[in-house]
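A single chain, nothing else alongside it, follows as structure tokens in the form predicted on its own.
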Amino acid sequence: MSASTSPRLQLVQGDITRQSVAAIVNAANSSLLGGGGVDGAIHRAGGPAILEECRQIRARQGGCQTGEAVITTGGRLPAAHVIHTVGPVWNGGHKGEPELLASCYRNSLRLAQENQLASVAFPGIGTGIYGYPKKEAAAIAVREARQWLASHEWPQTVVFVVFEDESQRIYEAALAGHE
């Protein structure tokens, strides 16, 4: 099932590891060495090439800080690249979580621009084990993507990939401006 909201901003319900886009975004942890949820699924589906590049990044810079992003190969994924970003752990919203989450989107989109990637697919960053409320996270994701697309050529398309019906409804409302 999918829903398209505009040629540049789209919503798809499905598995992010199966998206045929230039890059998918990984809701990574700061170690960049894989984990559970989306992170684990991407590492499993993409194979060892992703982990190897993550290890090289760790050797150069010591991992990835919350709100930052790095890019690797997509390995065996349909996507040629994976942009790894570390979302904030939800602590009630009073410890800079909204700005850190917004930074995840901006820094991921900046890497897509720098690499002239035509399309990038995002999961719900921070909404899994990190506990970020889905409605608030979707509002930030949609706002940041819209602002970026309004003033940048790359990426040409941003896709939000949701896995279950609840997230589909939340993103539909955010995209319609009813968040």
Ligand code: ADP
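Heads up: residue numbers just count along the shown sequence, starting at 1. In this text the structure is predicted, and so the values were computed from the model without any measurement.
Just so it is clear, the following notes concern the form predicted in complex with ligand ADP, a form of the same protein that is not shown.
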query: Contacting member of 134, 152, 58, 146, with respect to ligand ADP in the predicted bound form [4.5 Å, heavy atom]; finding: 134
query: One residue of 41, 49, 118, 33 in contact with ligand ADP, assessed in the predicted bound form (non-hydrogen atom, 4.5 angstroms); finding: 41
query: Residue 63: touches ligand ADP in the predicted bound form, heavy atom cutoff 4.5 angstroms; finding: no
query: In the predicted bound form, residue 141 touching ligand ADP (heavy atom, 4.5 Å); finding: no
query: Interface membership of residue 165, ligand ADP in the predicted bound form, 4.5 Å heavy atom rule; finding: no
query: Heavy atom of residue 161 within 4.5 Å of ligand ADP in the predicted bound form; finding: yes
query: Proximity to ligand ADP in the predicted bound form (heavy atom, within 4.5 Å), stretch among 33-41, 50-58, 66-74, 107-115; finding: 33-41
